[in-house]
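Encoded as structure tokens, the following chain is the form predicted alone, with no partner shown.
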Amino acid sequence: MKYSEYSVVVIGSGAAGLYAALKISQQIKLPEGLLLITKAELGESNSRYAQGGIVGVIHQNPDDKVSLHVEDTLKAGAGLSEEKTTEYISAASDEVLNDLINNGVPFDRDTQGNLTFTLEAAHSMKRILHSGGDATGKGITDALSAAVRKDENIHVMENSMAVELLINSEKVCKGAIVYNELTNEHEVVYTSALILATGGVGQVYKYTTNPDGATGDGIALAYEAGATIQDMEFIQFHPTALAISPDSKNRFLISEAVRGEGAKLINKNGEEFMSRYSDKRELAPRDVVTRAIYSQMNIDHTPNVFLNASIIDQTKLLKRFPTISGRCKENGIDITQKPIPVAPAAHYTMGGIKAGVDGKTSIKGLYAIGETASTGLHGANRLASNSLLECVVCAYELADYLSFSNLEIPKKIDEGIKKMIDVYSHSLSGKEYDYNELKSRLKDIMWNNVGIIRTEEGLKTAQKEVEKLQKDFKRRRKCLNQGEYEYRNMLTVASLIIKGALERKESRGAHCRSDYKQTDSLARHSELCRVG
């Protein structure tokens, strides 16, 4: 097997991974260089498809304050957002966002050259920066990808995924086994700092706004390595995803910013209904809007409701949302004239690898940032546009932390690691699994039993069925291809979500139990850790 050494290895090329790689290269002398590994092409990630924007409590918006943003985040988080973490990330946004601008991120501006801000649900004021109207994630990842490509200290490995973390006898992470899809080969990557920035888990559900690569790889790897995993039961279902037909599984996101600009949710008869569910109507927190839509769909016996954006000024609508209007037009919908069919879809995980704002996990040498991490910012329900902010602030803080760390790579390889590597040196026998069919079965189980509304009976049914899938899938470590590795990781993540949902016998934020409708007086995080 091929063997290589790097001072730092970053896995994932969304906003968190790209920015971490760039800032580490800019701030630290790396004798062995930095390797950025991405499962697809550079920049392909959940971040790329983020539309609405990124929170910015910055000096260019003098009416806003950190205290106001913190208050909004804590309210949305349903009692589980960590106040100190929230304050830290909010206060850091001014420095970090201005650094993004200096690194080429093109946030939208008015005719006078001033940054423009918009409003999103559960925010008390306009504080959302955006790029390309409704293509903020693309604007950020394109700019950072270009900067990474130009950086001679950063080596990029595309179409590759980490498949096992190398943990030595002292419980320190020393690198990873990496599978290259194009060559169908495994190789060993050794490092003193391994950063997981692998994104979310949306693909474990039948309907999702996430791209195909969002299979929870980093969370599964960290769990199998013994890291502490936190709050996996909190899966955010975005209320408004384009629902052309029940067959459209990967649903295109219709940004919350559309409602922030004045669009209204209506039922099959054209009647507005949100006032029956919240006095904040369309601008209620995401979990509230999602359950309202879900309830209305059940009342009307329809697969979707509609979002009426035609009431927004036509010129403003098309300028602000060119991506959304373009995608809808491809599907025969003129959003200036017709309402958009929408339904909820799995969107974001508030849980993940337990980590600090500097990315440190429970395993020395292993760091996690972005959606794959759980810092305590989002609590039980993420506030809109806080995700991209968390990505870049934590990447920035991690780079700062590593600048004071010893990144020398020990030359002696631990005997335990040698045994781990040996597993991947031998060929596999047996036929290739039909992983697409297996993934589809898992997605159905999760959507039907571990979705927007949960019950003890449904969760136990899901647990039993996922355990059977795990038993039938004989690959515990080495697999034949990327699809099998993804399915292996999806099974691990699904089981963590189910276990967390079973143990949380209350309804809080995005976790709704119809058999435990109350919210406990004591807010607590859940933790899961693999034993043995």
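Only a predicted model underlies this, so the values are computations on that prediction, with no experimental measurement involved. Note that residue numbering begins at 1 and tracks the sequence as displayed.
The same protein has a further form, the form predicted in complex with a small molecule, not shown here; the description that follows concerns it.
Checked against the small molecule in the predicted bound form, the candidates 374, 90, 81, 385 yield a single residue with a heavy atom inside 4.5 Å, and that residue is 385. Relative to the small molecule in the predicted bound form, residues 14, 160 and 391 are all within 4.5 Å by at least one heavy atom.
Residues with any non-hydrogen atom within 4.5 angstroms of the small molecule in the predicted bound form fall in just one of 264-272, 98-106, 346-354, 308-316: 346-354.
Residue contact with the small molecule in the predicted bound form: residue 39 places a heavy atom within 4.5 Å of it. Interface membership of residue 56, defined by any non-hydrogen atom within 4.5 Å of the small molecule in the predicted bound form, is ruled out. Contact annotation: residue 203 falls outside 4.5 Å of the small molecule in the predicted bound form, judged by heavy atom distances. With a 4.5 Å cutoff on heavy atoms, residue 253 counts as touching the small molecule in the predicted bound form.
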